[in-house]
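Before any questions on binding or motion, here is one chain by itself as structure tokens, the form predicted alone.
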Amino acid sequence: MKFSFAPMEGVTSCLFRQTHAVCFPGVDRYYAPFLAPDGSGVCKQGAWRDLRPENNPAQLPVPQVLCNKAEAFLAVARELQAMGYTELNLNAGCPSSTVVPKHKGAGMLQDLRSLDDFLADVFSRCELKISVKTRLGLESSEEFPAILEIYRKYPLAELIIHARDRKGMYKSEPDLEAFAAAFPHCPFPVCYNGNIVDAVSLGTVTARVPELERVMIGRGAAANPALIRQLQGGPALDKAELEAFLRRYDEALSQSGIGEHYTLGRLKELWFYLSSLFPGELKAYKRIRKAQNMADYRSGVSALLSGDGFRSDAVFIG
């Protein structure tokens, strides 16, 4: 089984990826948070900094692009190719209400003719491998057979299927029946994504699709940094290595020059997920969430870690 760490905006930056790879080796591929080019293919400089090879010395991630204009997509692809990248991923799955109305992310699934035209254009001119991360549909997974017919027309490097429709956001149960039904009809590598939080949830998926060889995990791995190691047969997370991971990540952010405000924001974003490792410790977690500076943050983390509320078998429930 190959395991990928999903792109998570505000969480899986290059500093997080580097820290995680050192502390919890074994992830096959990391995906970077999406680039969102304008109509001319121009992206924010911060997004490019995250992808510079010198900021990813151990392993280049797979960049993801949130875009519905072929020319913009191709402009980003050319920049990535010049940086040494060989693959990029199209985001056709983001369910955000700020994205979908613009016909981006899962919004690309609203108009299959436009999706087809977009893919035809980029596959005819892009020199990089292209993978796609998709939802099963907008309102229902019953839409997916027609969506898959579009994808089947192109030589995708990989199809990552988040096994929910857009309507289900991150709350609905993954539709394993729809995923299992689609899997045999995919002429390219397929990666499952959606609600993998422990060995039991992974086993439920592989029981339905025994041939599955690729899994992408996002929120479950952010909540338990050792999750992929565990799924590979390794030991569960212990509090000492969690503390070491947090200290190393704190130091990396603090030394990066992004400033205390942004450092604090990144750490709080991660703790939204990590807090699930401390069930019943909502009051202690609130100190972290309410921290106004790094001193308050570190005091809150120290207090939480010094208690006995840590549970290595706790799982993230979004």
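Quick caveat: nothing in here was measured; it's all calculated off a predicted structure. Just count from 1 along the sequence shown to find any residue number.
Another form, the form predicted in complex with a small molecule, is not on view; read the next lines as being about it.
Trainee: Taking 4.5 Å between heavy atoms as the contact cutoff, choose which of S131, Q230, S141, N193 touches the small molecule in the predicted bound form.
Mentor: The residue from S131, Q230, S141, N193 that makes the contact is N193.
Trainee: Which residue among W271, Y249, F34, Y30 has a heavy atom within 4.5 angstroms of the small molecule in the predicted bound form?
Mentor: None of the others qualify; the residue that does is F34.
Trainee: Do N91 and the small molecule come within 4.5 Å of each other in the predicted bound form, heavy atoms counted?
Mentor: Contact check for N91: yes, within 4.5 Å of the small molecule in the predicted bound form.
Trainee: Should E9 be counted as a contact of the small molecule in the predicted bound form, where contact means heavy atoms within 4.5 Å?
Mentor: Within the cut-off, so yes.
Trainee: Can you tell me if F123 lies within 4.5 angstroms of the small molecule in the predicted bound form, counting non-hydrogen atoms only?
Mentor: It does not: once the small molecule is placed as it appears in the predicted bound form, F123 has no heavy atom within 4.5 Å of it.
Trainee: How about G218 - does it come within 4.5 Å of the small molecule in the predicted bound form, if we only consider non-hydrogen atoms?
Mentor: Yes, G218 lies within 4.5 Å of the small molecule in the predicted bound form.
Trainee: All three of Q64, H162 and Y170 touching the small molecule in the predicted bound form at 4.5 Å, heavy atom to heavy atom?
Mentor: Yes: Q64, H162 and Y170 each sit within 4.5 Å of the small molecule in the predicted bound form.
Trainee: In the predicted bound form, which of 162-170, 203-211, 109-117, 68-76 comes within 4.5 Å of the small molecule (heavy atoms)?
Mentor: Going by heavy atoms within 4.5 Å, the stretch is 162-170.
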